[in-house]
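We begin with a single chain expressed as C-alpha cells, specifically the form predicted on its own.
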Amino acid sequence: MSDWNPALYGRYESERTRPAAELLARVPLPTPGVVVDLGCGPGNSTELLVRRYPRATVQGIDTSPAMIESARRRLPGLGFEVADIAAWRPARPVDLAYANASLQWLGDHERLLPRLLERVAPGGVLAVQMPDNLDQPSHALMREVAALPPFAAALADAAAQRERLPSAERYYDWLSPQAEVDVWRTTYEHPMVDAAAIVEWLRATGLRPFLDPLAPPERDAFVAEYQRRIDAAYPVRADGRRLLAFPRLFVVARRRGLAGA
C-alpha cells in the first residue's frame, strides 16, 4: 500500500482518539517508567500517554514515515521511530506497551499478542484496542464493490489485508496464562453528516487496500459506486445525519509478577 495520509486521518481525530482515551483509562498503572506507543500514527494517542504519564519515557513506533514525521512535529521532545510492531524487541522490558488501532493490520494474533506481552516487564501492561468492523456494512460493501467486473482483477487480494478478529474469549485464553486480563467490546455510534462523510472517514483507513491498486479513473468509479451503496446502507436519522456503527475490541493484560522481580 501507499504511505498513510496524516492529514486525511486527522479529519476525524476526535472520534478516533475517543477509544484510545477509553483504553488508557482502564490501564492499571500509576507511574510507569517506560511507555511505548505501538503504531503511534500522527501522535494523537501518544499525546494521551504523555498527558497521563508526564514523568515517563514515552516512545512511539509506526511503519509509516509520513505518520512518524507528523508525530515528531506534534511532540518534538519524544523519540519516534519507523519500525514494524511484529519485529519490535526493546532493549529491556517496558512498563506499558500500548497499541491503539494498529494490531488489526497484523496477523497470527495467537502468537503475536503473547509475544508482545513478553516484551512487558512483570507487573506491566499490554493495552490493545482494535476495530472489529469487517462484518459491518461499511466494510462488507468494500468487498462487494471490489468483486464487480471493473475492479475484480485489480482487487483480488485487497480484502486479505485484514483478517477478522478472533473472539474476546480467545484473546483471554491466549493471554491469561501470563496475565490478569480485562477484555471487552464496544460499539460506537458516530453521527456523520452524510454518506460522503462516511466514505471520507474510511478513505484514510479501511478503504486504502481497495483504492491504492486502482488507477485514478477506476478509483473514482469505485468510490462513486461504494458511496452509492453506503448511502443506501446507512439511513438518514431524525436529525438528518447518519449513524456509523463502529465495533471495537479492547484488551488490557497486566503481566503477573512484581516490577523488578
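In this text, residue numbers run from 1 along the sequence as written. Since the structure is predicted, the reported quantities are computational estimates derived from the model, not experimental observations.
The form predicted together with another copy of the chain exists for this protein as well; it is not shown, and the discussion that follows is about that form.
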Candidate stretches 114 to 122, 163 to 171, 127 to 135, 74 to 82 - the one whose heavy atoms come within 4.5 Å of another copy of the chain in the predicted complex = 163 to 171
Note which of Arg208, Arg219, Arg52, Arg26 lies within 4.5 Å of another copy of the chain in the predicted complex, where distance is taken over heavy atoms; exactly one does.
-> Arg26
is_contact(Val183, another copy of the chain) in the predicted complex, heavy atom dist at most 4.5 Å | yes
Using a 4.5 Å heavy atom cut-off, state whether Glu189 contacts another copy of the chain in the predicted complex.
-> yes
Using heavy atoms and a 4.5 Å limit, would one call Gly107 a contact residue for another copy of the chain in the predicted complex?
-> no
Enumerate the residues of 29 to 62 that have a non-hydrogen atom within 4.5 Å of another copy of the chain in the predicted complex, in sequence order, or give none.
-> none
